[in-house]
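In what follows, one protein chain appears twice in different forms, each by itself as structure tokens: structure 1 and structure 2.
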Structure 1
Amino acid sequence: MGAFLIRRLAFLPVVLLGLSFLIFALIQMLTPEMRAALYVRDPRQLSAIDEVIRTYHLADPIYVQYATWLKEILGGNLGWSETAKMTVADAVKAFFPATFELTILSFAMTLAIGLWLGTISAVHKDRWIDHVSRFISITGTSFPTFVVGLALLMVFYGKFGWFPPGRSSFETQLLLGTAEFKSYTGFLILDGLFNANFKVVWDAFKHIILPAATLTYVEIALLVRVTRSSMLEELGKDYVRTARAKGLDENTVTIKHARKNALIPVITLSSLLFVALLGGVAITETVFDYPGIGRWGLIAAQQLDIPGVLGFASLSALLFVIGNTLADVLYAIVDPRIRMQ
């Protein structure tokens, strides 16, 4: 296991270097004047555009430009975002915690419900629970995210007034800017617990539940289908019939043997779902006016905020590479045979 992990981690810098080449190649499509915003930390620097071009070697040979750009990126300088009115690095720090909090809750719900529903529908094939799971899968796949989100908003907020949009109420926002409330993590629910302020915890939960439910309903559809299909394949194999013939308990056969072997395609899909959520689900965050990094990335794209778009794209690509590496490690944990490849 250790050798397998070392091989995967040793390959990670190579992938990240190749990713940097690709992003830099895309940047070269812009003029030096347009690329200048990728380096400044204050928009007032752009008033002396020629000086910025000279300082950051934007008119020099490609290899000099790449070395300068990589040095700035590694130093945390991603440029100035006009839409966020702050540096791109500060914008990521400001918006990412909200998305991460939403991602953790959504992914936990998706994984728990998806694995359970996919497994039980395969075990009880063509029974009522299987029909229910297939209905959820079909509707979750068919309905666009914004339709599900708007429907939940109209029912639970428009009709009952239970779960408002946004990330927090006006009262909570006022409290966050005072000395009475200390921000430890940037996650409202955790910070509320650390401050022993359960009003903030409940307020944050009320605002996050609908976007989390929307993402869960949409993302769970594919996970249920893949889990069900993989489980049906495993349940039809000889080792399952042999285990049953030996008199093993059905739960042991299903959970310990069949589902463990059915997890390989599920891990692949789950890692992609998690990275997609972590990269910021722009539509859901926009529908619920949730101030996450996906909503910021969408606004940056609409307003041609090039540093903001590239910062968002770079973060998403980085998360995708890391997510795939973690998926490889999980493969080896679930199936030891993969470690020998």
Structure 2
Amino acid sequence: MGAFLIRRLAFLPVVLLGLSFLIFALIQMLTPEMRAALYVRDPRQLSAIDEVIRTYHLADPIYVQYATWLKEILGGNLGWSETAKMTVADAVKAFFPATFELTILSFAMTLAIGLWLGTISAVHKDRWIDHVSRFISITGTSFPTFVVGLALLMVFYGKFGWFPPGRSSFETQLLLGTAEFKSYTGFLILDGLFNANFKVVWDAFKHIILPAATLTYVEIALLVRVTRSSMLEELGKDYVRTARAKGLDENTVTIKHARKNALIPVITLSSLLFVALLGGVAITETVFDYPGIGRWGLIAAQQLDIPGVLGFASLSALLFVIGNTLADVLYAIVDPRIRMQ
């Protein structure tokens, strides 16, 4: 296991270096003037643009540029984001908790509902619940995220007025700025609980539930399908027949025996699912005006705020790489055969 871990983790810096090459190559398509915003911490510096270009070697040979760029990034200077009106590093800190909260909630919902649906539709194969779950998966993959989001908004906000867009009501936002409310985690629901302020918890829940439901619906299909087929495979095996033969009740057979083994492919898949959520969250945030990383990244892309786009992209890529590594490690833990390869 140790050798596998070391091998897998040693690969991480290589991928990150490759990513830095790719991003750097992409920004080479821009003029030095456009790239200047990637280096400054304050928009006022941009008025003396020639000086910025000189200081950060923007017109120098490419290897000098790359070295300066990498040094600045590793030093935490990611430039100035015009759309967020703050430095990229600050913007990431400001927007990331909201995105992370949404992602974790959707992940938990997808996992819980997906596993349940997958198991139950394997146990009751070709019965009505199986058809319902198939319908949910096939429509979920066919609907674009923004269509699901808008439809939910139309009904639950437009018609009933229950779940508004945004992240919190105006009242809550006022409260957040005061000393009364301490921010511990940046997650509104958790912070509300820690402050014992249940109004905030309820308000945050009302705002987050529609985006979370959208992501769940769109991402659930693969999990249901894999759980179902892996369950079906396990249920047909001899040890299940043995378990039934010795008189165990059906619940113990399916949940304790078959599902434990059926979960092996699901575990890898779920870490990939988390990664997929991080990628798909941008559109959802945009539809619901939810102030997270993805919405900021897309607005930045529209308004030619390259530092903003790159901040969003680098963070997503970093999480993506970590998530993929985690998936491999998890897989090696649950299935010892992988480690040998």
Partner chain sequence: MWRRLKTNPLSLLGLGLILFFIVVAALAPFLAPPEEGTRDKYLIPQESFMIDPTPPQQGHIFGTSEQSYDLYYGIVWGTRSAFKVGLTVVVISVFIGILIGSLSGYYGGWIDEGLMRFTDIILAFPSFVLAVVIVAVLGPGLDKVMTALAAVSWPSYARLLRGEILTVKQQNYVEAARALGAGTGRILTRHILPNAIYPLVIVGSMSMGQVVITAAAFSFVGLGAPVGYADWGQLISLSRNWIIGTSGNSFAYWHTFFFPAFAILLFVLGWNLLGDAFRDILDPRMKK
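Take the two forms, superpose them, and find the largest set of C-alpha atoms that agree within 1.5 Å; that set is the rigid core. Residues are numbered by position in structure 1's sequence, first residue being 1. Bear in mind that the values here come from a model prediction, so they are computed numbers and not experimental data.
Of the two forms shown, structure 2 is the one predicted in complex with its partner chain, while structure 1 is not. Once you line up the core between structure 1 and structure 2, the Cα of Arg244 ends up 2 Å or more from where it was. Here Glu82 does not count as shifted, since its C-alpha moves by less than 2 Å between structure 1 and structure 2 after the core is aligned. For Glu233, a C-alpha deviation of 2 angstroms or more is recorded between structure 1 and structure 2 after rigid-core alignment.
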